[in-house]
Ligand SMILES: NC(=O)c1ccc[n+]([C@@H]2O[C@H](COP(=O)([O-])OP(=O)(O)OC[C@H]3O[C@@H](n4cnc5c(N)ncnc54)[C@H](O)[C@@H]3O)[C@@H](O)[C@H]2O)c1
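Coming up is one lone chain in structure tokens, specifically the form predicted alone.
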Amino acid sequence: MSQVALVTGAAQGLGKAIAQSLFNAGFAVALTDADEQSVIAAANEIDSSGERVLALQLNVLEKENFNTALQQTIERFGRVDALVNNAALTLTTPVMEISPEEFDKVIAVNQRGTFFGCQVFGQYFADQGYGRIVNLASLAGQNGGAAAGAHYGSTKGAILAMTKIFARNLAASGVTVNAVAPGPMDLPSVRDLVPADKLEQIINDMIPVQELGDAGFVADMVAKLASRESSFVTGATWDINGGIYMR
């Protein structure tokens, strides 16, 4: 039987691309999202037969939703081998204008949601003696970002630390935990968030390779880290940012 992966925030954008790449790599994929109708449509686009996809509603604010999605995926496919924590709320509010309510909302979705995913699936994987967790961080968590809000960048920085914490705690149980940190991607969501003139300035003046990133390449990197072959990689952050941040 093929391996099984669950992806959060998979209804569109990078999450959907990741689900597609995992499917292409032979995984059975549970696509999850807070928007149930959209995630059902995304799953149908990837596999209209429904043989290797499952669409589930999952609100990352609720830890119990992760438990439920885990059990539903096991019931459908027999097990789960990999988790991709992709769900995120991306806002670009200027730092001095972020309200307490907006700050808390972004922290809850991005940081707490990733933590719950790592906690619930990490325990399951440890009990099984095998698992792969891939967290979506961001360039914004490394250098403060080019356009995203301070709350978004803060959560992505926290995810980098969280990845190391879970990697260290789960390594002896056959579970690896890694992060991927993309820079500006050529996605509709990015073009919607960043005004065209500012985006052009970012491409020409801030990105050494002077182009936006390819979501498909990022998705393929995630699929590689979710594979059995990635056993010697854990606690690492993979930078895909066109040279904006070098280390």
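This is a predicted model, so every value here is computed, not measured. Residue indices: 1-based, along the sequence shown.
If you look for the form predicted in complex with the ligand, you will not find it shown, but the lines that follow are about it.
Contact check at 4.5 Å (heavy atoms) against the ligand in the model of the complex: all three of Leu61, Ala88 and Val109 pass. Only one of Ser230, Gln12, Thr237, Asn24 lies close to the ligand in the model of the complex, with a heavy atom inside 4.5 Å, and it is Gln12. Of the residues given (Ile46, Ala55, Ala28, Met185), Met185 alone sits with a heavy atom within 4.5 Å of the ligand in the model of the complex. Heavy atoms of Lys156 reach within 4.5 Å of the ligand in the model of the complex, making it an interface residue. The closest non-hydrogen atom of Tyr152 lies within 4.5 Å of the ligand in the model of the complex. Using a 4.5 angstroms threshold between heavy atoms, Leu83 stays clear of the ligand in the model of the complex. Using a 4.5 angstroms limit between non-hydrogen atoms, Ala34 touches the ligand in the model of the complex.
Of the stretches 93 to 101, 130 to 138, 72 to 80, 166 to 174, only 130 to 138 has residues with a heavy atom within 4.5 Å of the ligand in the model of the complex.
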